[in-house]
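Below you'll find only one chain, the form predicted on its own, shown as structure tokens.
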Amino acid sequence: MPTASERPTPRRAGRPRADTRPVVGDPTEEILAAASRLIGELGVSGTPMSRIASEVGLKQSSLYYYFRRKEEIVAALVARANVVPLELVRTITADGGPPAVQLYRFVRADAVALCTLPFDINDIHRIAQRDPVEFAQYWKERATLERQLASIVRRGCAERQLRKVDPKLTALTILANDEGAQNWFRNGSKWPAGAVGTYLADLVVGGLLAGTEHLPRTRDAADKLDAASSAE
């Protein structure tokens, strides 16, 4: 996936709409919003460019003026989706606190973010795996996220807050758990996203703590840091 500097510059307005509505400004945001909504409902493979064009009232030829192919739309959506966990782990690390608390905050917030994402992250992964050149930036950012998360786990093990585990494998497992929660949450959940995030954080961090009796204190400390971060 191209970097921000490498991605095609959004085309200017000027292509006519199929429904005669005037194009005011750059419709890129409207296109991405419609694509995100449709992909969330139909999946990536089930969302043709013609359907996206129809959703925003553009002729299909006009849509190609802004995005040459569907993969460019997906790349733009993925670029935004990657911002959330990367910024999350950076903020949590900057806020400080014990590694176990940082891990708890990440798992809870990442699970919530994924559950409320308007499209299936697994669809993105399948496309990114088929086209590693187009999505090179995606995998680079993903590797950065894995390293930062593994670093938190490694410090937790070194400080004996966490059991002795493989930091990299643990980081991968945590991300897979969060993404797995999104999978069943999207199929209909009687639990809100916040409850899912907290429950998953309890299970993951509770299973990693050197002493499971420390989980309530870890959760409370995470709550306080989250509240302080939200107040800023």
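Note that residue numbering follows the sequence shown and begins at 1. Given the structure is predicted, the values throughout are model-derived calculations rather than measurements.
The form predicted together with a further copy of the same chain is left out here; the points below concern that form.
Task: Close approach of Asp120 to a further copy of the same chain in the predicted bound form, 4.5 Å, heavy atom - done: Contact check for Asp120: yes, within 4.5 Å of a further copy of the same chain in the predicted bound form.
Open item on the list: If we define contact as a non-hydrogen atom of the residue within 4.5 angstroms of the partner, is Arg130 a contact of a further copy of the same chain in the predicted bound form?
Closed with: Yes, Arg130 is a contact residue.
Open item on the list: Using a 4.5 angstroms cut-off on non-hydrogen atoms, would Ala222 count as touching a further copy of the same chain in the predicted bound form?
Closed with: Although a further copy of the same chain is absent here, Ala222 would stay clear of it in the predicted bound form, with no heavy atoms inside 4.5 Å.
Open item on the list: Can you work out whether Arg126 and a further copy of the same chain are in contact in the predicted bound form, taking contact to mean some heavy atom pair no more than 4.5 Å apart?
Closed with: Residue-level check for Arg126: yes, a contact with a further copy of the same chain.
Open item on the list: Each of Leu77, Ala113 and Ala158 within 4.5 Å of a further copy of the same chain in the predicted bound form, by any heavy atom, yes or no?
Closed with: Contact check failed for every one of Leu77, Ala113 and Ala158.
Task: One stretch from 53 to 61, 66 to 74, 26 to 34, 201 to 209 that, in the predicted bound form, holds residues within 4.5 Å of a further copy of the same chain by heavy atom - done: Correct option: 201 to 209.
TODO: Output the sequence-ordered list of residues from 152 to 178 with at least one heavy atom within 4.5 Å of a further copy of the same chain in the predicted bound form.
DONE: Residues within 4.5 Å: Arg163, Val165, Asp166, Lys168, Leu169, Thr170, Leu172, Thr173, Ala176, Asn177.
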